[in-house]
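Given as structure tokens, the chain that follows is alone and in the form predicted on its own.
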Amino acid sequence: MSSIPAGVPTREIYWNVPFHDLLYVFLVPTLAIAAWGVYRRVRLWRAGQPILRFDRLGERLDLFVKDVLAQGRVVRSSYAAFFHTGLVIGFLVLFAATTVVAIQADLKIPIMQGPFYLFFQSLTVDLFGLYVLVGCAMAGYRRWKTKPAKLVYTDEATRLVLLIGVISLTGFLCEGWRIAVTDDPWGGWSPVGFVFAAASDSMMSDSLMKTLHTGTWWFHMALSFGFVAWAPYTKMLHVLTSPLNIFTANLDGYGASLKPLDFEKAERLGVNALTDFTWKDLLDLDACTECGRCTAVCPANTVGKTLSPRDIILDLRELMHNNAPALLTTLGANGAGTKGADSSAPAGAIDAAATLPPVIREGTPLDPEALFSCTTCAACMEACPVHIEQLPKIIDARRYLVMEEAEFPEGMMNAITSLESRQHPFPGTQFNRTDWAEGLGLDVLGDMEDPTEAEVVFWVGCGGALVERNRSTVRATAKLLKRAGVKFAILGREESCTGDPARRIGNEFLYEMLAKGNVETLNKYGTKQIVTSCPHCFNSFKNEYPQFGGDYQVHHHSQYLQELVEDGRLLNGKDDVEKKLDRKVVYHDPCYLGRHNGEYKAPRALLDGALNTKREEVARSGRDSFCCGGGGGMMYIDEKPDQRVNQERASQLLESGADTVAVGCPFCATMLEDGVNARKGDREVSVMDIAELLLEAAGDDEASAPVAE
């Protein structure tokens, strides 16, 4: 310290600490133990199948900054955000401070002095150290006092909170005793340590404080080193795995999260072994922080079903760790994951893979009943602060049950059978693909001399053409397109299901057959643009059909109609809204339009332009919207009366006091109409698509009621 001029703010490093060089003797095994813990986890992940997740580095760095450094998703929960952000930033600041000490002590570079010492090494470090201590107290209070149901309660978690708290507290004790004994003139710049110093000075002698300081300093270091060595063997590994998981997240949105199958090479269709998952899937398992946010927002879990996205991840993690030896044996000579019984894999790897227990097991979180109650709404993925991908894992397990075991609910089975024989999922319908268009005089692509004259193809969808309630929606959309002078056409009888229900139920083979057939038909007519009122069809065309050669400009009808309004082609001049609606409207966000594809503005803009009154919003809206219950094949299931997702959502919407529930999806229209009718009591409440409301505002009475036969 002699190289620093007198009067310059600083402090003596390792004051009152004998044999401090032993730190480095202990540091080597500490880091070795920690590194081994990380390495053994990395080896487990590498047993998974390959997937590209280190591309598009710019986008990944942006996501890293947003959701790791800025804690973008963590802060959505205010209580957890406060203490978790404090722990994260506090640890970073304390690590930086320790690095500064090492630079000055070991490299003899005098940086820990002057204003930097006062403002950062003293004041900033003290405040963030206090933040860590407060964060531990808040975490403990929530874990031991309020005990929210979404958390997982383990002795390990308790020990971790206590350990971090004791490390922080002993650090402040050492600082306080040093300030008190040395009469540090700069001690006031360390406010927390200064308080400890003042309290101790009034009760202890300098000799006692020096003795306590030495013992506590070594105890503090032992705890710190122990924490570093132990962390990779506990849930604290998420300090490393969570940032890595966020960096390698799917960048294409939830609507593009399902991976296709290679039917020619696949030894097993779907997933029923850990080795069937990708390395990213296995990383997901170790990235889980057990916060329970996914299960808390799951609609199936909310209404009392056994599905718990959190427990699926934790069950798979336990399965992975309990079967680590067999899983590691499946690694090939080059360290790449094997593909089941691939003949190129070592014989020992094949035998080990065969000994792995099945992923899908009765009476566990991956019970078939739980897996088939998922609505595929992706609320779990949106809620997860570390971007775990629960939904694709559920669909992968469904694929195995459907295509390998032919085991799935009867209602879904009937829908699949109808898709196979009639190319739509409604076996009882009496309508055909063109009945809804009677009297509208619409062009059909197959009947046009030059189909390329159609500005867009209006894709009606099964739910629009074949479900009576939704025929008024597609008629309203077609009328609005005609009013705007859009040159459009329909496929008519050539249209078939996009395959969305088949894919989400788990029949990937049937989905691919339907998708390829639709792409062939559309490309035959030179289709460039598609407009559809079904978000599920919209998602299929936008995110999934390109892999089959179906590259189209795709619009949900709310997006396209809003563009027409903005361009002055609709509701302008003679078609201006002459009777803005006095309805009290609440809008329900469809999962496949909002959460899966990020469209929240266009439907609201259309409604706001058609209403005299202010549109209502409910708490569960936008990215947090609660599912109608119809996705993932659940529309075809007769749920238990006390476990109906559509009724739960209807109750939420009815709490707004609205007399009209606006939707933008045929699934939502069907499910919520049933739900509202069951929960509305004596109130007059209707469920209407945004196209129906817009047409009503424009003066067409047909939009106010379904088409009658």
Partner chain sequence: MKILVCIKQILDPDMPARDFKVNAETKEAERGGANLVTNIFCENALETALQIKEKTSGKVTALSYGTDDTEDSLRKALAMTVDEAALILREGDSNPDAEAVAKVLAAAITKLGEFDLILMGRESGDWGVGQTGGLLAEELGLPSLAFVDSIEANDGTLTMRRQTDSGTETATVTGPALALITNNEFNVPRIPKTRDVMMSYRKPLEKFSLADIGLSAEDVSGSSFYEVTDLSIPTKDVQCEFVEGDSIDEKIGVLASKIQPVVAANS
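Note that this is a predicted model, so its numbers are computed, not measured. Residue numbers count along the first chain shown, from 1.
Although not depicted, the form predicted in complex with the partner chain is the subject of the following passage.
Between the partner chain and the residues 120, 431, 552, 189, the one pair within 4.5 Å by heavy atoms in the predicted complex involves 431. With the partner omitted here, the residue from 408, 636, 545, 254 that has a non-hydrogen atom within 4.5 angstroms of the partner chain in the predicted complex is 408.
At a distance of at most 4.5 angstroms from the partner chain in the predicted complex, none of the three residues 305, 680 and 686 contributes a non-hydrogen atom. When the partner chain is considered in the predicted complex, residue 615 lies well away from it, no heavy atom lying within 4.5 Å. Using a 4.5 angstroms limit between non-hydrogen atoms, residue 417 touches the partner chain in the predicted complex. Interface membership of residue 219, defined by any non-hydrogen atom within 4.5 Å of the partner chain in the predicted complex, is ruled out. In the predicted complex, the partner chain lies farther than 4.5 Å from every heavy atom of residue 116. Only one listed stretch (192 to 200, 232 to 240, 501 to 509, 152 to 160) carries heavy atoms within 4.5 Å of the partner chain in the predicted complex, and that stretch is 501 to 509. Residues 263, 266, 267, 268, 269 are the ones in 261 to 278 with at least one heavy atom within 4.5 Å of the partner chain in the predicted complex, listed in sequence order.
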